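The chain below stands alone and is given in structure tokens; this is the form predicted alone.
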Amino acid sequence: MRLLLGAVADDFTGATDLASMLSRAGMRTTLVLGAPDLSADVPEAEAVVVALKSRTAPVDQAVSESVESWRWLSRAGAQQCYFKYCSTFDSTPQGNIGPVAEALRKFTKAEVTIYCPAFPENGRTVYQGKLFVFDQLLSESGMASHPLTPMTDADLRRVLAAQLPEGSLVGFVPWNVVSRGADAIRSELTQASIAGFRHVIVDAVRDEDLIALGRACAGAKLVTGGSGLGLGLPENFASAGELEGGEATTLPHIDGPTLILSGSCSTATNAQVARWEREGGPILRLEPLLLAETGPGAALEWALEQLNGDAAVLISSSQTPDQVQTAQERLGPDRATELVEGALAEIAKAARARGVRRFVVAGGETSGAVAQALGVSRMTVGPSIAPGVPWCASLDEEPVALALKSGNFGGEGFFADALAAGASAT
């Protein structure tokens, strides 16, 4: 099997999200969790997605890990580089989206690259260069109060320009061009490149737009976007007769109790936690301030007592923006985050040692911490629970089942949906 597409994702949930889209579109896809060992063999697959924890890492680290991951993939023959970030363009005024994309552009020798975080199926659209979450501008959504990457400007051209080297030009392909199809998009990108634009924001409000954009990017050395763009790219390889096709991936049977861990404080995840609690699901809430004093021991003991048979329990540190602000003021933003991630990762590791093999995790940073604590390095992708959230299984002798969810994804009943889907998927 020939490696065709190599992707570098800036967090673990985004990586599973993209892998799900590529698999759904017909590519045999494998996930690699964490910065790869450059001497290790690249998995046998048509698409390999490397999941980094680089979204909020220092800029230099994010750039280095991303470039080295692509170097590893390109040595194995990957033809196209895909830099995947969140559909809400999560970043800070310093990066990391712009610096990583510029470094990859230079490394791949791409004349121009596109940026399109749109994912209409999950309510993320780009119109007139502005990012919308359903009917709200990004800056008016819950992302405006994100504890790590508050997004207070919906204009992607401004957000990106602030992260690029001084003097960089950010171009734009509007929807009236995108709606005319791949040839029109390709022509506009060519003109942008001639005019000196190296970074171009592209509108997309429908799945059809992403498919057209994917076709326009056939042969491009580098593309950047959310997972939605994964709908359009595989067709380029299929049209060239490079995909093997065949049956969809099936996951191994993994039964037993399910541990649900929620570290996201997004509006969507808070609603999902509230729904689980309202419907009588077993739940224990973690308070960062209390964790700082006592550690996660009591929560771990509670979880281990509950996790018998086919039970499912939720341990959540999800909080409202006001509660997050209070904890950050008392502990500092980094310390508050480290406490929560560390506690949930420690609980997951201890539960795994006691035989638990099914985990649902909400939040990008939390998912990364938990997967690393479980020692998961490679996964295969199974069926979706919700758009952008698949069940996966680790490629180990005794595999674990994992559903890693971006904080912003899924409906209010997501946790129950995950249990139902998991019963048939694994």
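From a predicted model like this one, the values you see are computed outputs, not experimental measurements. Sequential numbering from 1, following the sequence displayed.
Beyond the structure shown, there is the form predicted together with a small molecule, which is absent from this document and is the topic of what follows.
Gly230 falls outside the set of residues with a heavy atom inside 4.5 Å of the small molecule in the predicted bound form. Put simply, Asp203 is far from the small molecule in the predicted bound form: not one heavy atom of it is within 4.5 Å. Using a 4.5 angstroms threshold between heavy atoms, Ser264 counts as touching the small molecule in the predicted bound form. In the predicted bound form, the small molecule lies within 4.5 Å of some heavy atom of Val324. Residues placing heavy atoms within 4.5 Å of the small molecule in the predicted bound form fall in a single listed stretch, namely 147 to 155, out of 147 to 155, 230 to 238, 206 to 214, 76 to 84. Across the proposed site, Pro288, Gln319 and Val340 without exception bring a heavy atom within 4.5 Å of the small molecule in the predicted bound form. Of the listed positions (Val133, Ala312, Ala336, Ala192), a single one reaches within 4.5 angstroms of the small molecule by any non-hydrogen atom in the predicted bound form, namely Ala336.
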